[in-house]
Each structure stands twice: as structure tokens, then as C-alpha cells.
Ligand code: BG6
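The chain below stands alone and is given in C-alpha cells; this is the form predicted on its own.
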């Protein structure tokens, strides 16, 4: 068996987050939350913005509100208002907003027979993929609208693996949030963290971006026997 074939056999599914991985919509989410916070007189800084990465709209709003108590009706109104602000931003997205390296990596993985999914807690993920003309590049797409109908004992990446018909241990999750990387680890999957290596230190591999990332090299880094891989040197939660 060739080295390339062996590596590909160990990785048969790739699961991509959407916001911040396929397109840089994280900045759009942050802008929408910042606008809502300013209108409501709530504190908002970069640390809080980072806490909202990879988190559902409802949970993000709970984090934003902190100790502030609101009625269920008011909560829904605030969530809807944030979503409308985000929707205004989404209308400007085009295929030019796909982050560097994403298309070439997906093409290379597909040519090796790797099945590919897009998975996001955002209910707007499909809209993002449609605007960026990426929707047809995935074998399956799961977004926040789909999650309520799934078995709650499994996390979103485990559901994706089932739909891809790939064992969790043969799946790799590509995420830009610490929450997402932790979910991948809980699902028994390897992960590629995109962004700050210290923030994503539990990822199997941590890189600044997918720009110029060669698929064969990435698969080598993801090999259980890899001696060297780009990752954080230390993480207190390891």
C-alpha cells in the first residue's frame, strides 16, 4: 500500500465549519452583536466576541446579556433583531469572500475520495454557502435549522459522520473556534484549528489559515504517527 493511500484511508471524511472557515462571516456576526450591544447599553469587547465564536444565537445572546434578566418575549425579540442585522450583512457576500485555500483543499480531498460536509450551529449557514456559491461543493450540509431534529445525545459532528457514513475516528473537523475544536475532540475526531494556536491548542493541527495548505502535507500532519505538526506547544486543558 502506498504512503498516500494509507494516509487517505485513515481520513475518509472532512467536516468544515462555515463561519470563519469557509467565509470570514465571523466579522459580520461580531458587527451584528456589537450593534445590538450598543443599542442595549451592554458591554462588548474582543474577549466577548471570541466567546461567541462557534456558539448558537441563543447561547450567544445569553452570554451577551450576562446577569441581565429579560422576558422570553424580549429574548426572542433581541435574537431576531441581531439576526436581521446579520442578514443585512450577508446580502453582500459573493464567491470572492471564500477564504484563501478552501477551494483548492476541498478539491484535493475530493480527488482522493474523501467525503466532505459543512456543519454549523448557525441557522444562516446555508445562506452563506449559497451566496458564496459553495453549497454544491459538499456531500452534506447541516446547519442550526437541522440540529433540533437530531438525537440530542450526539453532537453535530457525530451526526455529520453518520450522514457521511464515515466512522468518527476517520473524520477531521476544520474549525476556527475553541468550542468547535472541543466538540470535535468529544466526538472522537481529529481537528484542524484555524487561527490563534494558543486559543485552539487542543486541535490536532493548528494553522493560521488554509492558504497554501497542501492536502498531502495536511494528511501527513494528521497521521497518528506524525512526528512534527504545526500546533501549540502548551495548553493547560490538555
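Numbering follows the first chain given and starts at 1. Predicted model, so just to flag it, every value in this text is computed and none were measured.
Below: the form predicted together with the named molecule, not depicted.
*Asks:* Could you tell me which one of 55, 170, 201, 182 places a heavy atom within 4.5 Å of the named molecule in the predicted bound form?
*Replies:* Going through each option in turn, the one that passes is 55.
*Asks:* Using heavy atoms and a 4.5 Å limit, would one call residue 131 a contact residue for the named molecule in the predicted bound form?
*Replies:* Result no; residue 131 lies far from the named molecule in the predicted bound form.
*Asks:* Since only the chain is shown here, I'm wondering whether residue 86 would be in contact with the named molecule in the predicted bound form (any heavy atom pair within 4.5 Å).
*Replies:* Residue 86: contacts the named molecule in the predicted bound form.
*Asks:* Since only the chain is shown here, I'm wondering whether residue 123 would be in contact with the named molecule in the predicted bound form (any heavy atom pair within 4.5 Å).
*Replies:* Result yes; residue 123 sits at the interface with the named molecule in the predicted bound form.
*Asks:* Using heavy atoms and a 4.5 Å limit, would one call residue 29 a contact residue for the named molecule in the predicted bound form?
*Replies:* Because a heavy atom of residue 29 falls inside 4.5 Å of the named molecule in the predicted bound form, the answer is yes.
*Asks:* Within 4.5 angstroms, counting heavy atoms, which one of the listed stretches 186 to 194, 46 to 54, 65 to 73, 209 to 217 is next to the named molecule in the predicted bound form?
*Replies:* Stretch 46 to 54 is the one.
*Asks:* Within 4.5 Å of the named molecule in the predicted bound form, which residues of 60 to 77 have a heavy atom? Give them in sequence order, or say none.
*Replies:* Heavy-atom contacts within 4.5 Å come from 60 alone.
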